[in-house]
Ligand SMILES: Nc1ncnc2c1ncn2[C@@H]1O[C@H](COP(=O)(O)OP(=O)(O)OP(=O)(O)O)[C@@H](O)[C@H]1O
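Take a look at this single chain, the form predicted alone, given in structure tokens.
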Amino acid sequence: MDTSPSSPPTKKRKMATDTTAAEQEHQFPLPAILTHPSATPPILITQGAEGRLYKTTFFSPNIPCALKYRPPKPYRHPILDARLTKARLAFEAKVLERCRREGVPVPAVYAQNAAAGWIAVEWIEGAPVRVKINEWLGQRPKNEEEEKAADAKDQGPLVELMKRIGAAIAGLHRTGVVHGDLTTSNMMLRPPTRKTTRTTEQPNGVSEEEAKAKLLEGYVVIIDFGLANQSQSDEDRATDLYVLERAFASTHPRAENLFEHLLESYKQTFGKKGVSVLHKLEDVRMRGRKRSMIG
């Protein structure tokens, strides 16, 4: 029997321990790609009906990435489930690569293994547009009369953001891609790179007005293309906009009246085609209202 004192745990053992701890924390097995020794244990960001999103690293600990994993569905036949998962992830990667080539603001694809059920894409720094809009609205007066006065005075930053969103969606539709699940949760606001910082009399170097305006600064990046499709149909594009319009009204009711700025920017960016899409949007709205009335 070896009676020599045990050696201290190696780095590899520590990594394995970190991975095991991550599995216990998530309460379900990690995808195989995330069980290998790594300097950065994966972090579960969110779990949906179709998959899980992890924050991890790609190739180097200094390159963060988002890994989307679609686990097997026990309620489906294994062969059918594997085929559907492989086709869905391969198509998602294809759509993202096409959008990147056309200059649409979407995450870059780093790697994929559709057969294993995962795709690794660029990690977008910043916060969801939903969070930033609600944070900005939360700083505004809640009294109706005071809010109307504030609307006339300082709604500029939010209007500019709506225009940037409209232009990004127009670029997406121009490539022949419809998102399928447009919401402000599926858009990120990537903060701009700052080389210099203005100084003011405020202790932190930024005035209250500047700090408020900076909440909505940044580049709009569209994410989560799990339900995307390729289509040149005005009907499909209008439906994409209608889904966003309904989601926006539900999530940001205090800013619902500003949605028209998004549509105007969409039309200007998309040109004549944008005009026909917005005409079709009126038809989609009418059908939506009828369904709501009928129940």
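The first residue of the sequence shown is number 1, and the count goes up from there. Note that the structure is a prediction, hence the values are computed from the model and not measured.
Note that the form predicted together with the named molecule isn't included here; everything after this is about it.
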Pick from 233 to 241, 48 to 56, 258 to 266, 33 to 41: which stretch has a heavy atom within 4.5 Å of the named molecule in the predicted complex?
48 to 56
Touches the named molecule in the predicted complex: residue 185 (any heavy atom, 4.5 Å)
yes
Contact with the named molecule in the predicted complex for residue 68, defined as at least one heavy atom pair within 4.5 Å: yes or no?
yes
Decide whether residue 117 counts as a contact residue for the named molecule in the predicted complex under a heavy atom distance cut-off of 4.5 Å.
no
is_contact(residue 171, the named molecule) in the predicted complex, heavy atom dist at most 4.5 Å:
no
Which residue, 128, 176, 191, 157, is the contact with the named molecule in the predicted complex, using a 4.5 Å heavy atom cutoff?
128
Identify, from the list 95, 220, 124, 215, the residue with a heavy atom within 4.5 Å of the named molecule in the predicted complex.
124
Even though the chain is shown alone, can you say which residues of 216 to 245 have a heavy atom within 4.5 Å of the named molecule in the predicted complex?
223, 224, 226
